[in-house]
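Just one chain is shown here, as structure tokens, and it is the form predicted alone.
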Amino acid sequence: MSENSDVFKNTIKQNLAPIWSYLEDKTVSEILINSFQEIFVERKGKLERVPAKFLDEDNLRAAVNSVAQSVGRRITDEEPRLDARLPDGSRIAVVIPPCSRKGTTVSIRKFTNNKISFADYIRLGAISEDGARFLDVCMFLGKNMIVSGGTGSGKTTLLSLLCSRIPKGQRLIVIEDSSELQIEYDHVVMFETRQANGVGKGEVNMKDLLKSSLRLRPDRIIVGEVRSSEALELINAMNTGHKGCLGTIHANTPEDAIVRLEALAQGGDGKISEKALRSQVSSAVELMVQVTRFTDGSRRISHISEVLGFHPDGSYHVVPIFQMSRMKRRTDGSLEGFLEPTGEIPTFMDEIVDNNLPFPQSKFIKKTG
């Protein structure tokens, strides 16, 4: 791993010299190259344009080709997209012309090995103390949970944290397109998908790995990101005795997230009716945790909701247990808001009591005034 990292570092120094300083800068979380002469970086959730430039389009294209080769991948006119994990754990995504109209477009999301805890979340204002304790309770009870949010909202970071709160003595199988999750746990099996080779053979996708994982005695299955028909396999796993399964999905609200999950599952080959599928989705997913990136650059948990079947009109009944209060802007431009109980009592309150967990029903009382 260290040898590969050295190769990557040398490749960056030699070929991507204009952005090297930003890769070294710990305050920069992402580098966005829109064209050879237009580069932005993200610092503390805010984008800013930087003066760095490449000599020309050919220079940038050559640099991208070199990076792709260093990780055993290629990007060509026939395959104009690249999505890969670099040896240091960073993620690189590239689209080249003619698909990219302004020129070669690159995103490098830097890897961070900073360990984060619920205490850090609370300190940063990303969650309330009671909200964190409630999620801890849900992990202990093995509730099936989907973390939803937009790109860069912090879904993967939260999923890593939730996995670390799983009670000891269980076997976790983690499935990702590109390994990003940092899980501190004793018994973890990590799987990563593989793209087809140059002649279109050898692909192993999320759905394949999910099917294999069911035969490998998992206690909990963790899917880094649900983005295709593997959603059906995850729902099946949740409904067949694998308690406490987790995954992330791209969506703006908990309601949107579960509808998107259903839509992705419809792409599976299970020959299942729409009515049966919707019933399975509503019984499989118990909690939705929404992570939101706000306009001040902060990333916070805005909803912790329970899925309770359907409304009379057929829409999913998603009830917020904790929800972010109205956000007010401070004089320094930052937003002030707090994750608060809504007054709804989770249907599994009896489980909390029966397991002698220190989270009384009074914690769910809505604050007034």
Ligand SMILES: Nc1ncnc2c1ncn2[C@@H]1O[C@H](COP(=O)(O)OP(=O)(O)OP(=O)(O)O)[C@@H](O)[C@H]1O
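Keep in mind that this is a model prediction, so the values were computed, not measured. One-based numbering along the sequence shown.
We do not show the form predicted in complex with the named molecule, though everything after this point is about it.
- Note that among 154-162, 74-82, 92-100, 234-242, the stretch whose heavy atoms approach the named molecule to within 4.5 Å in the model of the complex is 154-162.
- Proximity of Y121 to the named molecule in the model of the complex falls within the 4.5 Å heavy atom cutoff.
- Put simply, R299 is close to the named molecule in the model of the complex: some heavy atom of it is within 4.5 Å.
- A residue is said to contact a partner when one of its heavy atoms sits within 4.5 Å of a partner heavy atom; D88 fails this definition for the named molecule in the model of the complex, lying far away.
- The named molecule in the model of the complex is not approached by D219, whose heavy atoms all lie more than 4.5 angstroms from it.
- Contact annotation for the candidate site: T112, A126 and G150 all lie close to the named molecule in the model of the complex (heavy atom within 4.5 Å).
- For the candidate set S29, S334, T342, Q37, a heavy atom within 4.5 Å of the named molecule in the model of the complex is found for exactly one residue, namely S29.
- Site annotation in the model of the complex: the residue of E192, D130, D208, E225 reaching within 4.5 Å of the named molecule with a heavy atom is E225.
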